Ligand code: AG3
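Encoded as structure tokens, the following chain is the form predicted alone, with no partner shown.
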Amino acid sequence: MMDTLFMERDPYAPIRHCYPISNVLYHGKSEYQDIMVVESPHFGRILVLDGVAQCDEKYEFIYHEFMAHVPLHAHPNPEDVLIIGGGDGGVLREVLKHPEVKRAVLVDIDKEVIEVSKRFLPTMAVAFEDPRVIVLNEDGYKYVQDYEGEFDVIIVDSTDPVGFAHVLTTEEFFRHVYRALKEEGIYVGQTESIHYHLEIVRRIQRSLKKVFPVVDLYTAVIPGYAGYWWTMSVGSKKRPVREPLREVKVQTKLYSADMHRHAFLPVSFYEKLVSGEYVF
């Protein structure tokens, strides 16, 4: 039997991203969004939220390793970590590879995403039962407002910044994040692709610069995402983040100390990108 195509509609750019699929394993609707898990002969199982692919079994390690290990290795002692979103469990899995982490709080508003991931994406959702983990099904925007000097690292692994996820990319939210971080705290969030979503990248970088003394941008090539060249925005309260502070001992497929350094854009290009001088 021939494979069918799942076509992802990008909400920001006039493109379509297609995935060959052989089966729909799950399709349901939660209180917040449409949820699907499809099977692809190339990508393996893919989690799809509101028609947009979030992660796939074959390449998910790239995204999750870079989301977690860059900020954790840039921090001298990341004991308390907050993950907002990330209901598939991939970032949580990587965070808990660090023995320094004593507590990992995962706040995802949609419990159904977590349950579906446990059932259909077991290679990602392997860490929810770890005794260091606290899982809360709450609004991450509201949750972070209740804390001051609580977390070493805050990772926002959200869906695209539309709908209920938009508030997680605003200056007001970043001010709440800054307050919730400890003295040497670091924030990181996924901020879309350089070429298809450049204005979003610029907006978020400029908002972060109004809040954090150290702001930067690093990238990774994610084969399953439209635009491929994906960005992660960083805000640090104290230290530069371009060099790992601790020896890399965690087991990874791609992330390393060298990959950490090379993930960051050259300063000259970064400045052109954020200022608006870089056009295409």
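Keep in mind it's a predicted model, so treat the numbers as computed, not measured. Don't overthink the numbering: it's just position in the shown sequence, from 1.
This next part talks about the form predicted in complex with the ligand, which is not shown.
Inset, instruction - Pick the stretch from 246 to 254, 207 to 215, 34 to 42, 225 to 233 whose residues have a heavy atom within 4.5 Å of the ligand in the predicted bound form. - result: That would be stretch 225 to 233.
Inset, instruction - Answer yes if any heavy atom of S158 is within 4.5 Å of a heavy atom of the ligand in the predicted bound form; otherwise answer no. - result: Contact check for S158: yes, within 4.5 Å of the ligand in the predicted bound form.
Inset, instruction - May I ask you to check whether A53 falls inside a 4.5 Å heavy atom distance of the ligand in the predicted bound form? - result: Because a heavy atom of A53 falls inside 4.5 Å of the ligand in the predicted bound form, the answer is yes.
Inset, instruction - Considering only heavy atoms, tell me if Y63 and the ligand come within 4.5 Å of each other in the predicted bound form. - result: Yes, Y63 lies within 4.5 Å of the ligand in the predicted bound form.
Inset, instruction - With heavy atoms only and a cut-off of 4.5 Å, decide whether D152 touches the ligand in the predicted bound form. - result: The answer is no: D152 has no heavy atom within 4.5 Å of the ligand.
Legend entry - Contact check for E8, D88 and Q190 against the ligand in the predicted bound form, heavy atom at 4.5 Å: Every listed residue reaches the ligand in the predicted bound form, so yes.
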